[in-house]
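Consider the single chain below, provided in structure tokens and representing the form predicted alone.
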Amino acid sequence: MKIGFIGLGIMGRPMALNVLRGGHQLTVWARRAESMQPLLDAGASGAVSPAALAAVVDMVISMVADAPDVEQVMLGEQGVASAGRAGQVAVDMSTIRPAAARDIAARLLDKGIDFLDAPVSGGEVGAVAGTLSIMVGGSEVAFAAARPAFECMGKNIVHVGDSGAGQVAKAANQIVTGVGVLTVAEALNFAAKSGVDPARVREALLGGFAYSKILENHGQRMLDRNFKPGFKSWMHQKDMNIVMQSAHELGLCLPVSAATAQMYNAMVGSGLGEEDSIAILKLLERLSGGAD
């Protein structure tokens, strides 16, 4: 299949590489030419714009920062829609508001282009390993067409429902992971401030109902003070903002999500935005009178 990939950052670059390794003919575009070079070196072709990319592929995938970026590459001047054709499939794997995904889908459908919102979970590690969880919204036909590409990038691939459903699933994922990271950090900070070895506390918790992947993986990274960004704090702030905006639109009460969103706001405001989201432990330590 001829696939185009737009957005070659921390997540997009390894995802695109896995599509290429899966045997697909790949064309790439990124705002910064240097971001394209590793893909070109690996055998991909480069395009001068999203429109030029769309003109030579069967399917376009984007992995960018937020809804305005998706709109720009899909619908803007020199965007995918300006050169796309009826029957083409466009897939966005970014994390954006469900309402924005539905709007983009409707506008692309006016051009005859079928759109899937397909956000992912698994971070940089999952992107590199090709083991991402992919949550998809859109038509069954488009999902079937895109599945071979998805299988290059992920292991848990679920067609959740119609347009926007993938983003709803991702927002729910960010509630669970955002709250989970905060609670693990709180538990380890509580243990340390109580004069008890947090590593031993974590070991004890892993054997009971408190077990989670977050406690196992991120908990160990917190103990190791490994805050190298795989998923930056400002990105989790953005995602929790999506959760709260959607809750506002629906009139929902999400009190724990709201508190977690405020903590990520505080992380960014205190200069921790470029660190991994697990650096929320540092914020808790500061608030508890400790040092980084």
Ligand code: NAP
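Note that residue numbering follows the sequence shown and begins at 1. Everything numeric here is computed off the predicted structure, so don't read it as measured data.
Absent from the display: the form predicted together with this ligand. The rest refers to it.
Using a 4.5 Å cutoff between non-hydrogen atoms, residue 10 counts as a contact of this ligand in the predicted complex. The closest heavy atom approach of residue 245 to this ligand in the predicted complex falls outside 4.5 Å. At the 4.5 Å threshold, heavy atoms of residue 227 stay clear of this ligand in the predicted complex, well away from it. Residue contact check for residue 120: one or more of its heavy atoms lie within 4.5 Å of this ligand in the predicted complex.
Comment: 87 to 95 is the region of 193 to 201, 206 to 214, 138 to 146, 87 to 95 lying near this ligand in the predicted complex, near meaning a non-hydrogen atom within 4.5 Å. The partner is absent here; in the predicted complex, the one residue of 53, 235, 263, 39 having a heavy atom within 4.5 Å of this ligand is 235. When you look in the predicted complex, the only residue of 241, 49, 35, 45 with a non-hydrogen atom within 4.5 Å of this ligand is 35. Contact check for 75, 105 and 111: none of the three has a heavy atom within 4.5 Å of this ligand in the predicted complex. Along 50 to 75, a non-hydrogen atom within 4.5 Å of this ligand in the predicted complex is carried by 63, 64, 65, 69, 72, 73, in order along the sequence.
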